[in-house]
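Encoded as structure tokens, the following chain is the form predicted on its own, with no partner shown.
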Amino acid sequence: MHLSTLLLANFRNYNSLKLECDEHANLFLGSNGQGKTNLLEAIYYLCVARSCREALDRDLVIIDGDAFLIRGSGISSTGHDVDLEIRYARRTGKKVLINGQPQRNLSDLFGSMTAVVMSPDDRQIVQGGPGCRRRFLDIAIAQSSPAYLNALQDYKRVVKQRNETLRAHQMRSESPADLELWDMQLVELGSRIVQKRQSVVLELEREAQSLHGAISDDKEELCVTYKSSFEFGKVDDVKAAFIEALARSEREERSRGLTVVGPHRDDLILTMNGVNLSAYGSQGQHKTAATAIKLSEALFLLHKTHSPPLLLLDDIFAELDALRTTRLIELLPVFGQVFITAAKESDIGAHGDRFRRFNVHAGQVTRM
């Protein structure tokens, strides 16, 4: 899988752009604020129809603009020629086209091309709240499984409706009968999500441990475990355990008007040599752990789709020492097509000749 051509119109600070990409390695150099990160954001958006920076669609439109266009052509994860196009207009919203054909659902886009973005913000996977880690996990799984994405979207809708039902009955003494309908859907969808997440985390941990060892010279052991909001034994016991947890939390839920158990309350626990990284650990340990986890996401997608995802590295080498920079760059050929941004070529050491180099300045990209 690779991206051959990228076209942008009125996206961020790009009025118009046509970029011919190298099939293997692309390096974008330029000062801060010139549009390097915007390029990676556009490529990521083309794959998952959302910003890697959690920006709203309307904020991606160029200043004083009403719409943007992102179009990319290349080889899909199934090995076929593919043309992807996403249009957004303030009045009509977002439209996705694959090979010129409009798609009814955004989820139809997932899997055509996959992408993993790495940036200094990845430390939020370690340092941030549970929502950051759930988001990371859900996007990784959704890119390899449209069925998971559909289940997740349905689950979020059920949680919202169930919460509204709980709040509507807060002033009543009797148990709301209509809550049973939402409970059935909550348990069915939530159990599938938990089971899938649990199995994926086991795969991610194996890859992350190996990658972390390669980057850190095997000095520390990284562990990644899934923490559910309710306890269960075997994976087959999730549904029964979920039902019991709902029964135990009934009083709290009715008091708060919120669904307090389920995959929307789950977390990933990251430890290094047995110590919880979210509470302890140095900045260097956090950076290395986040790098290993994101690379494990890329390997997971490679194994599931049988094609390496587009790997987008946004200004991460400036924060790594020379040894870890070299080790990471030596790993990159395993991950397929790579797009890297850096303020200056020295940030990637003596490895610049491995890449097709571009200069980025004020929303203009030129080949070096």
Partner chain sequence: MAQHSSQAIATLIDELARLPGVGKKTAQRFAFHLLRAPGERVLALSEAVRAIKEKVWHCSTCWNFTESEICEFCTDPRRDHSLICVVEQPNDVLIIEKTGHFRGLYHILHGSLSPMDGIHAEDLKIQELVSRLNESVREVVIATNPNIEGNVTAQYLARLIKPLNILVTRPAQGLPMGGDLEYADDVTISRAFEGRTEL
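Residue numbers count along the first chain shown, from 1. Just so we're clear, the structure is a prediction, and the values are computed from it rather than from any experiment.
As for the form predicted together with its partner chain, it is not shown, yet the points below apply to it.
Only one listed stretch (131 to 139, 273 to 281, 114 to 122, 179 to 187) carries heavy atoms within 4.5 Å of its partner chain in the predicted complex, and that stretch is 179 to 187. Of the listed positions (237, 244, 154, 252), a single one reaches within 4.5 angstroms of its partner chain by any non-hydrogen atom in the predicted complex, namely 154. With the partner removed from view, the residue among 97, 202, 269, 147 that has a non-hydrogen atom within 4.5 Å of its partner chain in the predicted complex turns out to be 147.
When its partner chain is considered in the predicted complex, residue 206 lies well away from it, no heavy atom lying within 4.5 Å. Proximity of residue 165 to its partner chain in the predicted complex: non-hydrogen atoms within 4.5 Å are present. With a 4.5 Å cutoff on heavy atoms, residue 193 does not count as touching its partner chain in the predicted complex; it lies far away. Proximity of residue 161 to its partner chain in the predicted complex falls within the 4.5 Å heavy atom cutoff.
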